[in-house]
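Alright, here's a single protein chain in two forms, structure 1 and structure 2, each given by itself as structure tokens.
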Structure 1
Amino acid sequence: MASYMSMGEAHRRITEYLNRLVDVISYQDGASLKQLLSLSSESPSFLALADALNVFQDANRLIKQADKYSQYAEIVAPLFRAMQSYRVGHLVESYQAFEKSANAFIQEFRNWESAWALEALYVVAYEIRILAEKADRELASNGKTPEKLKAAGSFLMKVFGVLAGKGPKRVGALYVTCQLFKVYFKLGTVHLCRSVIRSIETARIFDFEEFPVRDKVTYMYYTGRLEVLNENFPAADHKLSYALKHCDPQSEANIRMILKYLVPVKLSMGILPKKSLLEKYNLLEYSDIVLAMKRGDLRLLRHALEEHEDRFLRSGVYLVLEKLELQVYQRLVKKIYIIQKQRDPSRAHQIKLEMIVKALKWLEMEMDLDEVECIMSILIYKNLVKGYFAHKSKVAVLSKQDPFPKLNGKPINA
């Protein structure tokens, strides 16, 4: 497209952009300003401006010609370079230029007393992360060390510091926090989330309820994921359930992302999802796991974990799901108990280990008496089975009162 644009048309487009930038700042029009700062949207107006910059090649002279432009030169000049580089696919150069522009924008933002430019700041925070990811891919493809996303994280921490005051701008802190979470999760440096979480949850300047719902949902989603990694399932359940409850019901992709972590958390607490829910949000990788828990089918559980191992490992829930084995064993023993109760009610509470060995063998799971004894001991210790173990006779003597306690939404005892 650039080759068909005249020098005069390029000059007109650049001047038009500069005039619009000055006007929206003068009128404190945040909604319009954010559109002028977005690169990755690749809107027709952005593409046309980028082409104009590559035709004209001397935008800096235009910026310096008038005071009304030159007062924003430190924002606009590097922003133009970022646009030019982005348009021709030089993403590392584009990121470097955009970071300079973003730093200058933050300085201006500090000086603006009201929070009118928050939406524009959100765009800058979003763009710096997206550009950094693209730049890192370019660096990696050229055999160089990806380093821009880490730099973007440092920039976003600076932005967080700007917003962590007592004025009206503080409501923007949660959006920037969520962008930081995305950076840290992508880099595998989730431990860095702690300091930001501490600031949000303990600093008196922040009232969580005053933040926008969108940002609260994202925040609870990421902090819920952190609690999953820390195996703090009650906290994970609280945070992810909050995110699910307040998520836009039309946003099925976001609901699916939340459920991808909430389902294993609920499973670990003995709460099984309906098949219709898994089907609706395309979470069928959990179907056989749920079925295994209902049946007490250890073979099916292990097969499901093996089949979807890569997916579960990537999302960080594999270890959570692996620990469901204890609940599956509990269900298996309970089924043996029910069958035995039907045949001989007076001896139903006495389960020979040999019976469990045979049941496992039927499931093509080879285990000897010692292994089964060990498993029964753990079930009793974890309060998944009430009773005691008669070692000499190799019999588990179950309590006549509630021999299989339900978890009732609580995690298994550590």
Structure 2
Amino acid sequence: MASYMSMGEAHRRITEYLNRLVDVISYQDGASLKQLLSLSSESPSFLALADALNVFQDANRLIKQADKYSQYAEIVAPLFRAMQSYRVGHLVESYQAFEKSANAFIQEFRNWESAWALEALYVVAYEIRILAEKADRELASNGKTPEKLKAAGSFLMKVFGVLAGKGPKRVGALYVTCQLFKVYFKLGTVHLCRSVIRSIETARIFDFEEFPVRDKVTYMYYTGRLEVLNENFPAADHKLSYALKHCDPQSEANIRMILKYLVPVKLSMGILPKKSLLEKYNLLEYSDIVLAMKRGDLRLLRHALEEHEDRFLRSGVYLVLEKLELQVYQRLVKKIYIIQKQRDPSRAHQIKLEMIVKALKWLEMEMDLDEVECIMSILIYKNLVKGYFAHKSKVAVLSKQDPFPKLNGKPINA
């Protein structure tokens, strides 16, 4: 296709781009500038420009021709190379060239006093990450070590440093932070999030409320996920709920992502989602778990964990869900209590351990009296059941008042 373009046409396209670039910068038109930098968008004009560059082959000459172009040579020349390489599928080269261009861009950005080019900077940050991911895929498929995403991470840290000042540019820091989160999560090096989180949360120049909502939501999503990994449920609940509350209600995909992590957190605190919610956002992997918690059905819980084990392990919520077993036991005992109450209210609060053994057997779980007593003692200690167990008569005696205290939104603590 490129060969169908004439030299004249190619020349025209390139100069057109250069002129536009120069104009846009001199008018401080951030919205237009960002469009000129967005490589991976693969818009028709970009593709055409890349073709033109490949035809013309000597764009550097054009750049040097006029002062108004050559002042941005350090940005444009490597940018052109990046486009050319991208067009022919040499993604590692494309990344390397783009990184050079981006570096030069950052230097210019520093010099621009106001924050007019912030949107363009966002695009540069985004492109760096995307190109790095593609470059790494290329490296891996050639049997080499993927290392570009990591380099992108370092670059983004630099960008963060540029924004972390007192001026108006600082509101861009959260966007860059979120790009860093995405890099670190993808690389699996989530502990590296720590330092940038610390900067955002403790540096005095930053006021969290000043940042754009979109970035705050993304930030809370990722930090919420970190809390889930560390099983800090109150903090996870706070952050993920924030993200949910402020998320654009139209973006269902994002809501789903938030809920994927928020649901296990809520479950740990005894709060069950409605089936309609799970259905609406396609989170049906949780539906059996919720059902098991409602029914006190241990077998179903174990089965649900097994069935979706891979998925839960991957998202890092498996261990959280496993722990729901405590609540399921509580529910089971409560069910027995309710049934007994219906039969003979005066004696309902005494549950023979034998009865629990029978119930478990019915759930295809073999457990002897000793183990049941052990479990009851744990439930009692953890305040999931109020009462005591009589070792001699093998009976659990429940408190007449509120024998199954609710969690009240707090996770179970020893």
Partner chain sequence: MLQFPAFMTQYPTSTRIIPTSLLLPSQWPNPQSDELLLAIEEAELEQKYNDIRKISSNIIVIGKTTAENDKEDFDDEADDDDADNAEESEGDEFEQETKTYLMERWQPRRGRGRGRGSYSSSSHTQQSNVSNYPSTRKPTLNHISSDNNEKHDNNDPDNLPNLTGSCPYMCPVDERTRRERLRDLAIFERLNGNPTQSSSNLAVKKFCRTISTKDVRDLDLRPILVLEDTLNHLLNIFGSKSQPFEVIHDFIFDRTRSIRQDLSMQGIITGDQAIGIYEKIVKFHIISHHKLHRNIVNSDLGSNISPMHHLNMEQLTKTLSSLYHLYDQTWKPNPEFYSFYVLLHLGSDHQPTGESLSLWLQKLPSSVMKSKEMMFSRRLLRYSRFGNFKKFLQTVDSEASCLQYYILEPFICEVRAFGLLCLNHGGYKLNPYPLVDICKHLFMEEFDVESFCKDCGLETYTSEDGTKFMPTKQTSFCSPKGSRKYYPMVSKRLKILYDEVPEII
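Since the model is a prediction, treat every value here as computed from it, not as a measurement. FYI, numbering is relative to structure 1, first residue = 1. Rigid core here is just the name for the largest C-alpha set that superposes within 1.5 Å across the two forms.
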| query | finding |
| --- | --- |
| Pair member which, unlike the other, is the form predicted in complex with the partner chain | 2 |
| S393 C-alpha moves between structure 1 and structure 2 by 2 Å or more, core aligned | yes |
| After fitting the core, R204 CA displacement of 2 Å or more between structure 1 and structure 2 | no |
| Rigid-core frame, C-alpha of P345, shift of 2 angstroms or more between structure 1 and structure 2 | yes |
